[in-house]
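Next comes just one chain, in structure tokens: the form predicted alone.
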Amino acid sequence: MIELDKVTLKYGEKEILKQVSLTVRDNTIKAILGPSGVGKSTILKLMLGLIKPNSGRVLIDGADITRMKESELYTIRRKMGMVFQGNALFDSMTISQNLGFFLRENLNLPENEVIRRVTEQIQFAGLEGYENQLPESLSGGMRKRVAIGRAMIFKPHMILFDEPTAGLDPVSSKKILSLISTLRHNNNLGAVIVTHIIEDVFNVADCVAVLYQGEIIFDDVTEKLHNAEHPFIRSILSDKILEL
């Protein structure tokens, strides 16, 4: 569904991505692993068309979005849901209102369909009984589940996750990873997970691309990561979590 083809991106004189190529297929979970500040989240922005590369192509279902105008990108973005690292929930809205906001703002749906979809995501995320709570009253893990439900409510083909378990306790992290696995097995969705936590990769990802110094140094099924010879990969296999 998603392909980066020889993408180069610079901020001023600094080259963030150097001829990066990778593919994300339908109904698979792909992790992008690397230390903080290496450009992983930038790749998600490129996939959504929020920024454009200096060179190379970004293809969504075969369409090159680097040549599209902002007005043309709406249909493309509807194919993908985004779960931000900070969740990006509206603090003054209840959980139900957060889930239904973009449906009411962007789709001409009858109210009973909006309510049906909100209820569906409440149940999927295991948040029954919290519909009228404000985000600040929930734990970090529960807020993340709300964000996942909101990303799914448009019925996308792919969900993009930016550091989905960062800052969560082990129990909450396990619940989030289980929810991500459920997306593929029960909903036939694909996912891209940006993370610096290698254990998350082994727990949930079918395949992984390792980004190091602006380049992809590994891109294969997750199990083969153990056999990689690159010194950086050998070091992160020992450390488990990439330090900031």
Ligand SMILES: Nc1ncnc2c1ncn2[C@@H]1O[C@H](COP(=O)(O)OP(=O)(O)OP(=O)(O)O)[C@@H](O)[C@H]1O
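All residue numbers are counted from 1 along the displayed sequence. This is a predicted model, so every value here is computed, not measured.
There is also a form predicted in complex with this ligand; it is not shown, and the following applies to it.
Although the partner is absent here, Ala228 sits far enough away that none of its heavy atoms falls within 4.5 Å of this ligand in the predicted bound form. With a 4.5 Å cutoff on heavy atoms, Lys40 counts as touching this ligand in the predicted bound form.
This ligand in the predicted bound form is approached by Ser36, whose closest heavy atom lies within 4.5 angstroms of it. This ligand is not shown here, and in the predicted bound form it never comes within 4.5 Å of any heavy atom of Arg25.
Judged against this ligand in the predicted bound form with a 4.5 angstroms heavy atom cut-off, the residues Asp5, Arg57 and Thr222 are out of contact without exception. Distance criterion of 4.5 Å from any heavy atom to this ligand in the predicted bound form singles out Gln85 from the list Gln133, Gln97, Thr119, Gln85.
Annotated contact segment (heavy atom within 4.5 Å of this ligand in the predicted bound form): 40 to 48, selected among 175 to 183, 198 to 206, 212 to 220, 40 to 48. Contacts of stretch 9 to 24 with this ligand in the predicted bound form, defined by any heavy atom lying within 4.5 Å, are made by Tyr11, Lys14, Ile16, listed in sequence order.
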